Ligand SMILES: Cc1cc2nc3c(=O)[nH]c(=O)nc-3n(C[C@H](O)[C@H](O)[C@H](O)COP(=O)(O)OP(=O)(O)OC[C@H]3O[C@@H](n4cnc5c(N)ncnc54)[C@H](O)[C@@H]3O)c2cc1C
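Let's start with one chain on its own, the form predicted on its own, as structure tokens.
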Amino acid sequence: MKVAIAGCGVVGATIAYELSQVPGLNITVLDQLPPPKFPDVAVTQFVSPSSTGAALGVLMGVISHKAKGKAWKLRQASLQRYETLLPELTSIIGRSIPCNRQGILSLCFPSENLDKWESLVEIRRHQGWNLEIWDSHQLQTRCPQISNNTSITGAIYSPQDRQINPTALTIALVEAAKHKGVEFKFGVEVLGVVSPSPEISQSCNAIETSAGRIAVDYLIIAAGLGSSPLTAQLNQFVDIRPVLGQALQLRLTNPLGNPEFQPVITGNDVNIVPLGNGDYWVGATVEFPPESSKEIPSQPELLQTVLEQAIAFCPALATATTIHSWSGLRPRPQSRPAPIIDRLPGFTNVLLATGHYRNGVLLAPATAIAIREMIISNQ
């Protein structure tokens, strides 16, 4: 069975790897961008058109207020799969993927509703997960880098949530999938979808690409913002719009606080992500396009506001050197929840795995599992 995957961000790459373990599938992944690689840290500004290249890789699963239904099931499935996926990839490619296993620390403020957190702690306990509520004394003891001003009253600590380097993860997935026989075509654009009569319920026969026609039994659209024009060709337009995010990398002479305890710190939608050796990612902005345009000019003042907020949380960051900054576009579905994991209406063999917005890295494994089950169920 021939399977084509349009898009090789972290979602497309995870699907490719997951499907590579299903016997009898011939898998081709296409992406119009070059192969994923690390940005040159000597460059002061890095702009990525993909959401993977701009992501911070913070897996807010257990600490999320999503406690039931599909939203929680996807998060839980991904967290569980990551615990087996990362060792699998390490075994295949011979190197580890940068992963912070020291959890996520969410700062609390005077307006915080601790009753909701206490309820969530109990829910998670019954679900087999751990959350801790820290008072200001516990916070200062464990994380002395946090400002002790009265605007921070404590924190919620989630020891089982993770942070994974998105680019390193995607590269590892591609290498591991290649090892299992998946073919990748980078720098190849999907030009069209071949279907005899898109007006009636049917299947997709092939795709036209800049490298020629490829026959398919299944087409998986995992192209983020590029998913909209592909679905439009099949008269089933899926409206996905960009949301810009800006972030930066800072360098300190010494790590913040206790070098042995370096969780991701988050508060007011600002994330401080330890990278090791005194380096930190700080981000990210959330910038929507103007009503009259889909173009989003980046606003440096918004990134400066994020930096100032991070410094308010951890004053030592004021002495840090900025190594580089970057921006990228997140794919946000219009008028429907994110992500979109489903069959394209009217088509038996076109699957959607797109529109993950700010949770692509978090939900990639669960998405891949769902897509695999859709295909297996029809074999």
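Numbers follow the displayed sequence, beginning with 1. In this text the structure is predicted, and so the values were computed from the model without any measurement.
From this point on, the text means the form predicted together with the ligand, which you will not see here.
- Note on contacts: among Gly103, Gly226, Pro242, Pro274, the single residue with a heavy atom within 4.5 Å of the ligand in the predicted complex is Gly226.
- A heavy atom within 4.5 Å of the ligand in the predicted complex is found for exactly one of Asp279, Glu189, Glu88, Glu175: Glu189.
- Considering the ligand in the predicted complex, the lone stretch of 308 to 316, 321 to 329, 66 to 74, 343 to 351 in range is 321 to 329 [heavy atom distance within 4.5 Å].
- The ligand is not shown here, and in the predicted complex it never comes within 4.5 Å of any heavy atom of Pro333.
- Under a 4.5 angstroms non-hydrogen atom cutoff, the ligand in the predicted complex has Ala284 among its neighbouring residues.
- Although the partner is absent from this view, Gln32 contacts the ligand in the predicted complex, with a non-hydrogen atom inside 4.5 angstroms.
- The ligand is not drawn, but in the predicted complex it has no heavy atom within 4.5 Å of Ala368.
- For the stretch 1 to 31, the set of residues having any non-hydrogen atom within 4.5 angstroms of the ligand in the predicted complex comprises Gly7, Cys8, Gly9, Val10, Val11, Gly12, Leu30, Asp31, in sequence order.
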